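Next comes just one chain, in structure tokens: the form predicted alone.
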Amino acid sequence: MIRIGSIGLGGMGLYQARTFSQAEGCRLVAGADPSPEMRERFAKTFPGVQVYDSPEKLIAQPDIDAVVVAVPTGRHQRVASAALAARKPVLLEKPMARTVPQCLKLIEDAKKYDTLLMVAHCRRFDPHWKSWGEYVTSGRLGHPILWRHALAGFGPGSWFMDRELGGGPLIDGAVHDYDFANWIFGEPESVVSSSIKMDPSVTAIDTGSAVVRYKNGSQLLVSWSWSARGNHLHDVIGPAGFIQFGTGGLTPSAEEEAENQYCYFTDREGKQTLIGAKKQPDMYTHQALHFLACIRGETTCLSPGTEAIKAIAVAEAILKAGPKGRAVKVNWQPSV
């Protein structure tokens, strides 16, 4: 039985704790957060689980086998490095860290202490996204591919919109897209980006658009805002057809629709095909079970730091390019 400690008890920290409390093969035994309010909420949610007021106190406990880290992004590296130094396997919330150098330090520490570092890029474990991703990699859409994702809404605020702690939507929100595109397209090469500041009260870039170019010729187009409302565009297009989300003109049975999430593929002639994936277990459960299996040595990690760093490199390039609206190379290699 793997004993889990949860560091950072805010929104995602609490959600991850709930997931692990219900997962087979582990037991949630502790939580840590400097906020008295977060500790009180955690203690009420999980009676009998030990609560600490600092990450250091939790990490020092010998009866904790592994930790889930869900503190603000700008503090990921410090907390996760301390856990790795204590040789406790780490599931680290996305984004992996705020900067590429911080990611490199985490990768170095995981290697130095020979300890598992897995980044919680949950879309890699999402049956819904994996179903359309496999459609793309199978060649059904042809080549090259353009994945388009535009989203606008009022974001979470707080530290998420602090430039150093969270970085705004182009790192914390769209990082799901960067990582999943890296997974299905391969290595990112460069970005063209432009940003707009809509809320002068925040320090992070709150609105921006970018095209990420991949070595295989495919592209990801993202446009995100956390300071304005707007329509949601999400599709994947290729020379042989395209994928959209929902059921389109197709009608699954009520029972099937209750159990599944759907995309649909439309070929060049207009023929539509449903792409279904089970809603349960959800991506967080699949992710938790994968982390536990990695700790036991039963499988190879699908979301290691050596992969997650590439999403931060994309985000850094976008944030660097945005204010001047120019092209920037994507780089995650250490400086020589």
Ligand SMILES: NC(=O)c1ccc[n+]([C@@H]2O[C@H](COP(=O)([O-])OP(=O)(O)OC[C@H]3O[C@@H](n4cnc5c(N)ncnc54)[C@H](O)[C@@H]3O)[C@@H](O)[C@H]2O)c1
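This structure is a prediction, so every number in the text was calculated from the model and none was measured. One rule holds for the numbers: they count along the sequence shown, beginning at 1.
The same protein has a further form, the form predicted together with the ligand, not shown here; the description that follows concerns it.
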Practice problem: Decide whether residue 272 counts as a contact residue for the ligand in the model of the complex under a heavy atom distance cut-off of 4.5 Å. | Solution: no
Quiz item: Taking heavy atoms only, is residue 11 within 4.5 angstroms of the ligand in the model of the complex?
Solution: yes
Quiz item: Looking in the model of the complex, any heavy atom of residue 277 within 4.5 Å of the ligand?
Solution: no
Exercise. Would you check, heavy atoms only and a 4.5 Å threshold, whether residue 46 touches the ligand in the model of the complex?
Key: no
Self-check item: Residue (of 264, 135, 160, 214) lying close to the ligand in the model of the complex, criterion heavy atoms within 4.5 Å
Solution: 160
Quiz prompt | The single option of 176, 105, 140, 130 touching the ligand in the model of the complex, heavy atom within 4.5 Å | solution = 176
Quiz item: Are 35, 79 and 122 jointly within 4.5 Å of the ligand in the model of the complex, each by at least one heavy atom?
Solution: yes
Exercise. Heavy atoms, 4.5 Å, the ligand in the model of the complex: which of 27 to 35, 307 to 315, 293 to 301, 59 to 67 makes the cut? Say which one.
Key: 27 to 35
Quiz item: Going by heavy atoms, what in 313 to 329 lies within 4.5 angstroms of the ligand in the model of the complex?
Solution: none
